[in-house]
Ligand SMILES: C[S@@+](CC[C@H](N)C(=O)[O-])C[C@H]1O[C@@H](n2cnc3c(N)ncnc32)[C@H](O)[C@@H]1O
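One chain follows as structure tokens, the form predicted alone.
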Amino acid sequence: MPATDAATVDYFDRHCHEYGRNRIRGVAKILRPLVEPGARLVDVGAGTGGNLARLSKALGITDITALDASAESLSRVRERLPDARTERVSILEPSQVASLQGRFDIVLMAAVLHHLVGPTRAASREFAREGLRRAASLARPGGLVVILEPVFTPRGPVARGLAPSSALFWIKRAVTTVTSERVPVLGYWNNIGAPVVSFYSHPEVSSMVISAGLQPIFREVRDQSLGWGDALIERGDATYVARAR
């Protein structure tokens, strides 16, 4: 299994995004009655540490670790959370995560699966499955794994035939051969440029959770309008909480 796509890592080294507070909305409320004193929390694909900072504060957790493939993002984490442990790893590299297996009570993986891209959609889908399996392996038996992921589910047979998520993947693949920057389409987040992403539907991500050997205990999808795209595809922010077996 190769390391995380080099172009994606390069993009996030140059563009350290700060995700909004709604990325972990409601997660702390779900986890609070399940968290024991002295819990250990790891954020897989921590970015600049915003989600890790907010969740650890809300749950009163001080033993925190940030994992990311971007060195620049981890530098921002250390500025924000001086007491956090940081490790530059790809969740797709077994040798890099082996020493961390079974060490954590809570594993957070927020907006990561669609960034685990390969040369094709099929390869990307397997990378996402493998990435989630390896993230789950970081949890102790009975530990909690939290997955936050945008999901895109086609509406009706016409949209399914058009396969919008696959089309976006290949369009981005083509555009990034010309430029390494975003190419916005009706807004910053709606774009056909870098980074290449491989989005999945709610059923697909649910299947990944099961295939990772996790036992789901909470699942929610909050609809988010795409505006002009609502007729073709249903967009949602999905939250999954599961126990490691």
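Just so we're clear, the structure is a prediction, and the values are computed from it rather than from any experiment. When you see a residue number, it is the position in the sequence shown, counting from 1.
Note that the form predicted in complex with this ligand isn't included here; everything after this is about it.
With this ligand omitted here, the record of contacts in the predicted bound form names 105 to 113 of 118 to 126, 105 to 113, 134 to 142, 169 to 177, defined by a heavy atom within 4.5 Å. The shortest heavy atom separation between Leu100 and this ligand in the predicted bound form exceeds 4.5 Å.
Contact annotation for Ala46: at least one heavy atom lies within 4.5 Å of this ligand in the predicted bound form. Proximity of Ser90 to this ligand in the predicted bound form: non-hydrogen atoms within 4.5 Å are present. At the 4.5 Å threshold, heavy atoms of Arg235 stay clear of this ligand in the predicted bound form, well away from it. Distance criterion of 4.5 Å from any heavy atom to this ligand in the predicted bound form singles out Ala69 from the list Leu214, Ala69, Val196, Val42.
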